[in-house]
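Encoded as structure tokens, the following chain is the form predicted on its own, with no partner shown.
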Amino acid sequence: MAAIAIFDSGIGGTTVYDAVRERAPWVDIVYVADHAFGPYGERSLDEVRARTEVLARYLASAGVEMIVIACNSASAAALQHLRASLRDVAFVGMEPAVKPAASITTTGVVGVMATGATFQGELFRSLVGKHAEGVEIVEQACPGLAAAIEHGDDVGPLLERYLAPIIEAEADVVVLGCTHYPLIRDAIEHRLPEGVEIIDPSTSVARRVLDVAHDAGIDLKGSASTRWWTTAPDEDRDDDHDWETIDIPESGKEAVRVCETTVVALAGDLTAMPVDAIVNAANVELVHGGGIALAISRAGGPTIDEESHRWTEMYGPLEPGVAALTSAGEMPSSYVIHVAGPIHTAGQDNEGLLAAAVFAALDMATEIEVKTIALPAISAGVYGYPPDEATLVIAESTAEFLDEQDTTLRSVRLVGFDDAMATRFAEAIASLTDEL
């Protein structure tokens, strides 16, 4: 895995990537664009903090040694907490360049263009208090600007609106407090009075990356490779990057990387998910009369029951550790993989039987060469398996399979039918991180 991960809500962090690559051309980097959740600046600080922590833990599980949070909003929200909670990973964050701006202004007025989330954070208040005494700071939130840059939209009207207060205040220094903004630096310069200085912190962040790597003993020498990851499925970007999807959707509560596969916990309707295959927590007769099985039967239409009946006519009851395969009917997925989890009973090997069901589902998914699959909390409903135990067994069995088998799977979704079950899956996934 790459020594450095650089992540942002989108393409804004590529300004930092370019600066790092210029100073360390030999380093291996993974760049993560969180297209599924961004732009961060349009969300609350609590939302950004929670999402940033999910991605950071995921990257730590992937084995990166340094994480560069190439986003002012995410740095303001989560950087200090992550440094305390993930001590085996070195972090470099972003902060608006208030200090250098305050040191060079001659009018005593500095404009700061940033997202609302950046201005909400304690970090910005601290910077102003420490370094901008006697300087007027014009805080200009720029809602919609990062999103417009991300999508290649016309930014002219937004810049006219957001630069007007800065120009009116006679600022002679403008700080670009979002990594997206340097991508339109020419358009910003064109609208500012002559002589106004623009500060882009990307260069100083790149220097900081090398300093932190040296202090932490991180060897940056590699093969100069870059992997481009996006959290948005089928992200079609108009650029030269070969984007690879890591399936951490907006609702993802926790995620871990096992070899080349992402395991993510989330709540939602499994029957509506755009994955290649979904798993049915079936009974041995493949009669879909209740719970998840009934929901799948209803969502998929009569095809599910018809094909299930033909399967049992041909092979008999569904035995433990065996998977049955049908089409998905009218659902977005292509296949339904049916496995019969255990009815929780004292004295039997409940854990072994549940693990066998998970292995059977993932083995079938590999056999039919699917890339994405969604599993429910097998046996945790009417079958009486305690949910905390069942979700842990499912998560551990999934990780064991992915670690030991050569598989086509690149995403395994562990889906709770409600928030409580999804949280149990998230806690189970989090427990895996220390083991990987």
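Predicted model only: the values in this text are computed from it and were never measured. A residue's number is simply how far along the shown sequence it sits, counting from 1.
Another form, the form predicted together with ligand DGL, is not on view; read the next lines as being about it.
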item: Partner-proximal stretch of 6 to 14, 410 to 418, 20 to 28, 424 to 432 relative to ligand DGL in the model of the complex, 4.5 angstroms, heavy atom; value: 6 to 14
item: Option touching ligand DGL, based on a heavy atom within 4.5 Å in the model of the complex, out of 304, 270, 146, 357; value: 146
item: 4.5 Å heavy atom contact, residue 261 to ligand DGL in the model of the complex; value: no
item: Residue contact check: residue 333 to ligand DGL in the model of the complex, 4.5 Å heavy atom; value: no
item: In the model of the complex, residue 77 touching ligand DGL (heavy atom, 4.5 Å); value: no
item: Touches ligand DGL in the model of the complex: residue 40 (any heavy atom, 4.5 Å); value: yes
item: Residues in 301 to 332 close to ligand DGL in the model of the complex, defined by a heavy atom within 4.5 Å, in order; value: none
